[in-house]
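Okay, so we've got the same protein chain twice, two forms, each given alone as structure tokens, structure 1 and structure 2.
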Structure 1
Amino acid sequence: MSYTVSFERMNELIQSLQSNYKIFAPVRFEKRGRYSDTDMVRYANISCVEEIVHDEKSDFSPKEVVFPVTQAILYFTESEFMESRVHDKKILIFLRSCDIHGIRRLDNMFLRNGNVADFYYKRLREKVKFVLMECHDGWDTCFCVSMGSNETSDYSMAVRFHDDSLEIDVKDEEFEPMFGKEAQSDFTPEFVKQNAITVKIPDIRDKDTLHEVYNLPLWQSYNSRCQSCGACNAVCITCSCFTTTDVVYSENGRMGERRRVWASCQHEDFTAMAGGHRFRTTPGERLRFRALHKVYDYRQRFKTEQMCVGCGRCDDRCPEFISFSAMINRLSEEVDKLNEVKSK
């Protein structure tokens, strides 16, 4: 059923929801952007609709709701340890179609990659329900259509924002009773059908081609451009790497916390081994790794779609104006050339 709800009324509903839910949405942090007098839009707890930034793409993805930047795993003393706890509320996230697909990718990475499901991810993820935010035209860096993540039916509710009201499509029975008294509407979310950019996934057909791809000069062209800052990883909805560290509270080093924090494959020490050996020493090699992981490796492993959902946040956030979508298209062109030579 769909309804038209004023902001005022919606805020009452949000308030009552808050007794069972923590509600996350993109929120504006004024003047907290990378550059002076720019804002930062990222996911945070909300308590009214007006806080939701619905007409801009958020700088950071909603992944931090289910995969926090820093997460305590356990606390230890000399001979005992205690598992960390999470809040006992359920979670509602306002997010876009690409991000819903993105969280599904994270599900694969954390829950279906190997034999064990990641406990710390699972305990948060199980609480989550999605509120889809409808996109109008998308933004100039989006390529969700090429990545097939522009549409979804995987949501509990979907919303379209107007000036002081919203239309809401309620699919989840749990929420249906809340809206009983609201004016019905015929709203169903519409989806972006075309982006300004089209991205072609490289057609790497065999191991041989893959090895040739490793050595393409295209990667080296990034050596002088990429500063290995890792911003592209941080904003990516599908980047799921982390490092686990022990932090000690006490002087004798026997009390402390084991925690995990996000890690970035673009950082120089990502592949550092004991003894100092590193597998990927140049920015170009690291970008190659990232690119292939996003559009090739993951797909090989899960036999599904590619990892990247085309949200374009990495393009938006890169301080060196490196465009990931342009990189993938360059790669595809090169792969096409290799395939052509082979077919002759």
Structure 2
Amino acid sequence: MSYTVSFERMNELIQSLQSNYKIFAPVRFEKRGRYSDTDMVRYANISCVEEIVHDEKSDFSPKEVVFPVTQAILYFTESEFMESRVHDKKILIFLRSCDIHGIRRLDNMFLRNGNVADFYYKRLREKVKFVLMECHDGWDTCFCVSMGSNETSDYSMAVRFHDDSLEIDVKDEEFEPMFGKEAQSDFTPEFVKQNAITVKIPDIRDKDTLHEVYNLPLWQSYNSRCQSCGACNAVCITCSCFTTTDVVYSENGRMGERRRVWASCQHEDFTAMAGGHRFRTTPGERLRFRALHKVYDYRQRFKTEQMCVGCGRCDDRCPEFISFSAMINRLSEEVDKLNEVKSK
């Protein structure tokens, strides 16, 4: 069923939901942007509908709700340890179709990429329900249509924002009683049908082609541009790498905590081993790894969709204006040339 709900009434419903749910949505942080006097849009707890930034792409993804930037996994003393705990509330996230697809990619990485599901991801992920924010046009760096992430039916509720009201499509029976007295509507969420950018996935057919792809000169062209800052990883909904570190409390050197912290495959020390050896020593080699992971390796592993969902946040965030979508299209052109030579 679909309903029309005023902001005032929706705020009452949000207040009611907060007894059982933590509610997350994109929120504006004034003067916290990457440039002077600019804002940042990032996911945070909300208490009213007016806090939700629905008409801009968020600078960061909702990933950190289920996979925090820094997460305590256990506490220890010299003789024992104790697992960290999480809150006992469920989680409701306002997000777009591409990000719902992105979290599904994380599900594969954390829950189905081996014999044992990641306990720390699973205990948060099991709490989550989605509120789809309608995304009709997208933005100039989006290419979700090319990646098949522009549409989804995987949500508990969907919303369309108006000046002082919402239209809400309710699919989850848990939430249906909340809207029983509201005016019904015929709202069905619309989805992006065409982006300004179209991306062609490289047709890498065999291991010989893959070996040639590794040695393409195009990767070297990024050595002078990429700063290996990892900004693209930080905003990506599907990046899942992390490292662990022990923090010993200065007040008592025999106590501390083990944390896991996001890591970036673009950082120079990401592949560092004992003795100082590194597998990928140049920015171009590291970008090659990231690109192929997003549009080749993941699909080879899970036999489903590509890893990248086409949100375009990496393009938006790169300080050197390196376009990931342009990189993939360049790669596709090179692979087509290789395939053409082999077919003769």
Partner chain sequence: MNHDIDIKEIRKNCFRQSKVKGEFMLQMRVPGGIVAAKHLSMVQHIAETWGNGTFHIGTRQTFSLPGIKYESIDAVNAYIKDYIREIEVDTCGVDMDVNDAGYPTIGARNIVACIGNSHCIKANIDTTALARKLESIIFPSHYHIKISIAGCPNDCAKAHFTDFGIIGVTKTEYDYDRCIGCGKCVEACAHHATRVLSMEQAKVVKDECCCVGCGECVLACPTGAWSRVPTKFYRVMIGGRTGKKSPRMGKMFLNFVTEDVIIGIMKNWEKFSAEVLEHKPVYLHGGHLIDRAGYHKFKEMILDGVTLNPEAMVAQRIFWAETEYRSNINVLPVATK
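Shifts are known only where both forms have a C-alpha. What you see is a predicted model, and the numbers here were worked out from it, not measured in a lab. Numbering runs along the sequence of structure 1, starting at 1. C-alpha atoms forming the largest set that superposes within 1.5 Å between two forms make up the rigid core.
**Student:** Between the first and the second structure, which is the form predicted in complex with its partner chain?
**Tutor:** It is the first structure that is the form predicted in complex with its partner chain.
**Student:** In sequence order, what stretches of at least three consecutive residues shift by 2 Å or more at the Cα level between structures 1 and 2, with the rigid core held as reference?
**Tutor:** When the rigid core is held fixed, residues 250-254 make up the only run that shifts.
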